[in-house]
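In the block that follows, a single chain appears as structure tokens, in the form predicted on its own.
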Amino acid sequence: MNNRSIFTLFSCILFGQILLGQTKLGDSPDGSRSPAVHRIKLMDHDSSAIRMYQELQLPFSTEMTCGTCHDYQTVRSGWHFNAGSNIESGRNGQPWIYANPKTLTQIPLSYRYWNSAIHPDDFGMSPFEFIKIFGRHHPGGSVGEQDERWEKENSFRWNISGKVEVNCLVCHDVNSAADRSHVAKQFKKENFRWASASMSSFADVSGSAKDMPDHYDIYYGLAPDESKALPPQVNYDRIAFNEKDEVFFDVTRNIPNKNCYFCHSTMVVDKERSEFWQHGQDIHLQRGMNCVDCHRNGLDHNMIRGYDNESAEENSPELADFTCAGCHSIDENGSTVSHNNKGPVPTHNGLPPLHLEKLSCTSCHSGEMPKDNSMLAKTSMGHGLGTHGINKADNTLPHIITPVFEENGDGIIEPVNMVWPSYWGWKNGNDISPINRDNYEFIVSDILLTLALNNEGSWPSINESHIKTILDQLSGQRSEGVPVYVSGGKIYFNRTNGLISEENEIANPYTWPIAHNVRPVSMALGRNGCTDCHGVDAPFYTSLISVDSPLKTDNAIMVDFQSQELVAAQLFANAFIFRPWLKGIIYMSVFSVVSLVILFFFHKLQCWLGSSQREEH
């Protein structure tokens, strides 16, 4: 029996263990707290061991390599990998944002059913295109390996590129030579199967699946004179292999913060603080905590997100321990949380209890402090931070507005990030749906061809006549309704008397809560007193919020997102101007009353003593 047959048999045995429900070797710890040493054989997607001197070398498969000792099917059900599955989506999270200034498009996308997010299918974006664009900051799995439409859509390309397996190394590899930016390069080249190997310290990937014809075969390649393009291939470092053809993976279960940062970094554009070291760091990180101290998970990788309603949605009461209140409060019985990450319990002296009922903890302690005008934020997921060739201009799309204090569905005010959608759509009655981008990109680009695009990657300078012309062109196509342009909180459509604009809920911004960075009490909103929020010109109510659009729009005001009236808020704020006087009047009144009581007491006492003396005589 040859080596290939032996490993095929070994894989069949392991697969049989899964079917029988037996726990795999790496999923049943023996109690030792010392880390396991991962010196293992690399396995390709055919379940064959990769040997240093074999003629054909394929990229190793995380499903087959890591799955030898770990239950891969359980892992891939985790939060980072299960978008597109029929699971509860929970509260809004950061979406994937498709932005193209050439087509006046900025659209929040998600395979989860989050409020105001648009499903990529509804936008005409196939899973193949989605992975190619956003795989740069995605740990694999999801629609990259479980979509059932492969047989019908891009089937030839999927066969060449391969499925996008869960990339265990993105999170667990702590080797300083592991380069996550290489993964982004592979997705641009459609080298999906090779992405995990490209970031490892012992493999180099070259060539491009994108340049290969549809009939290319990864086993047989191309005829010598058929193409001058270089097919995708992997070259392993011979030194990394020992005499048993085993390779050392420098991985850890306790993921360090730096690995989280690649996908979860945020940069706030602030002219007053241009250097990153001028920005504050999360107080938890300053105290030595790691991201995974709160955002924990088991083998199922169902990551704790840590918001207030999560425990009820997941029907798991213990999740409440990992919220702000879970770590920083005492329950009604006087007991603390069950885990040992208990934080200091704030007293909030002088703060009326109403604030704790109507404001989230993050309102005072998270994100950027509000200013007179909203700011822009750049994120890894939105702007490709940490990858090569990105536009570093402050104003590049997408435009993420921050911070905005918004009332959520539970009536609680919390800080959020905001994206205003801009896209072309069909209007049928009261329903508006996005136009398939293949049906409008050429038209829009052709009409805007004469406009100069700025180097910042921001919106071009347009006017309503450009929108009208584009809508006229779209109405001449295969009509699925009335063509509209959704942007800046409005919809635009043509009438016989010209371009019409009106407000519509479909144009409302997509928002998601801000959780970090967390500020200590010395930097919290309200540290200077009530007027931090209740001043006449306090940004908490009066900050101007950019209504983002390629068309000229008016700014919104912060209070518009809080179900409050600006006039009422300012009238209430005016009371704080005279509050010191009121306190003085109260103190003087109390002093006067007490003085009168004392004088009255002594007067009565004197009268009583005088009466007693007269009786004695």
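All residue numbers refer to positions in the sequence shown, first residue = 1. Quantities reported herein were computed from a predicted structural model and do not represent experimental measurements.
Another form exists, predicted in complex with a small molecule; not displayed. Remarks below refer to it.
> Heavy atom within 4.5 Å of the small molecule in the model of the complex: which of Asn86, Asn315, Asn349, Ser176?
So the residue touching the small molecule in the model of the complex, by this definition, is Asn349.
> Pick from Trp79, Trp426, Phe493, Phe123: which residue has any heavy atom within 4.5 angstroms of the small molecule in the model of the complex?
By the 4.5 Å heavy-atom cutoff, the listed residue in contact is Trp79.
> Please determine whether each residue of Arg193, Val205 and Leu222 possesses a non-hydrogen atom within 4.5 angstroms of the small molecule in the model of the complex.
Not one of the three qualifies.
> Taking heavy atoms only, is Thr553 within 4.5 angstroms of the small molecule in the model of the complex?
Result no; Thr553 lies far from the small molecule in the model of the complex.
> Should Glu55 be counted as a contact of the small molecule in the model of the complex, where contact means heavy atoms within 4.5 Å?
Because no heavy atom of Glu55 falls inside 4.5 Å of the small molecule in the model of the complex, the answer is no.
> Quick one: does Asp27 come within 4.5 Å of the small molecule in the model of the complex, counting heavy atoms only?
Residue-level check for Asp27: yes, a contact with the small molecule.
> At the 4.5 Å heavy atom threshold, is Asn297 in contact with the small molecule in the model of the complex?
Judged by the heavy-atom cut-off of 4.5 Å, Asn297 is in contact with the small molecule in the model of the complex.
> Residues in which of 438-446, 479-487, 209-217, 91-99 have heavy atoms within 4.5 Å of the small molecule in the model of the complex?
Looking at the partner contacts, the answer comes out as 91-99.
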